[in-house]
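Presented below, as structure tokens, is a lone chain in the form predicted alone.
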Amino acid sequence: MNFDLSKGGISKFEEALSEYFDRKALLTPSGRVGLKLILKAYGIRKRDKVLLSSFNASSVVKVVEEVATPVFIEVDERTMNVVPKDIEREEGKALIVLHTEGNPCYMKKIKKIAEEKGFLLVEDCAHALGSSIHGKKTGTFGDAAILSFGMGKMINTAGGGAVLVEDESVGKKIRKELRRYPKPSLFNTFFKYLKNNAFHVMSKRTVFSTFVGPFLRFGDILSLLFEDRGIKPMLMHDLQGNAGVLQLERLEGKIEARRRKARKIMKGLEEFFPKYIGKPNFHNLCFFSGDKEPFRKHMLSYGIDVQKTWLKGYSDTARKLSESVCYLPIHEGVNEEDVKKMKEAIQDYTGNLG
């Protein structure tokens, strides 16, 4: 992350995102806040039913519960995404589709269903910045979309998010509501940067294998630091906006590198990985472990950091996924030697499953 304090970072990032998606983009304190603003701007109320994926982040479910009545849609065990035919069976005011871990949903089918049923269609692209399907970017099919720029996201500005809207009048409503949120101080933003960089250092190969990895065998203690618990949502700082502009310029190259690594790891082991459709960004390379904890400990013994999914299951299929899915590291710090070692470790693990 760069440390550019020049003014105008917020407007520059909004303009860059608007050009990238060809939709109006507004920066928000977080993706969760963005989702709440979208639902309210479209007049969704507590009695209204909002359909969403049954394999989802608990924070998203909480937002929907605050505003409306959630209705969970079954997911496909291979794509991890909502099943279009199950959407057809439901009634409601809105549909939120999650492109799970960057794997695009079948948006042509879903958009057609939404139009026929009269649903407000919102795309949750917190994982899917840079993914595409049917020749279009995720985030450009629905009436609105949300993005997230927290740690571990495709663009990491140490927090913050954005909404994409097609209707200018909705954008004006959201802009008005955003004025209610406080502006962050430079000190507050700098603290976020320090926290972000601490994770970056911990993920370095030598530091992780020597100091961090051994402690993680006793529990995923670091995950507690990812959430800003009890902190009031704030607008983004120009510093974060400038960082976002720079990262957006480099996004396509970053995604292509992830795709190359993912293909190498998955080759010959496809049954243990999701069915990826369209052009996923591989926000996380998901592995179906069967049982998360033994797999995680196995990979840690090789010095490889594997994260357990933080998505929760709200249906039978989704609960099975929440007990099985793990994330393999394919970020920029992973080199060819790491990919080779990861593949060997997975082959060793899967060879013992039978």
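All residue numbers are counted from 1 along the displayed sequence. Just so we're clear, the structure is a prediction, and the values are computed from it rather than from any experiment.
Keep in mind that the form predicted in complex with a small molecule is missing from the display, and what follows is about it.
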{"query": "Selected contact from A126, A145, C105, M236, since only one has a non-hydrogen atom within 4.5 angstroms of the small molecule in the model of the complex", "finding": "A126"}
{"query": "Candidate from K292, R32, K40, H298 lying within 4.5 Å of the small molecule in the model of the complex - any heavy atom", "finding": "R32"}
{"query": "Non-hydrogen atom within 4.5 Å of the small molecule in the model of the complex for each of R263, A345 and I346", "finding": "no"}
{"query": "Interface stretch in the model of the complex with the small molecule - options 318-326, 43-51, 59-67, 299-307, non-hydrogen atom within 4.5 Å", "finding": "59-67"}
{"query": "Contact label in the model of the complex: I155 to the small molecule, heavy atom within 4.5 Å", "finding": "no"}
{"query": "In the model of the complex, V75 touching the small molecule (heavy atom, 4.5 Å)", "finding": "no"}
{"query": "Contact test in the model of the complex: L98 vs the small molecule, heavy atoms, 4.5 Å", "finding": "yes"}
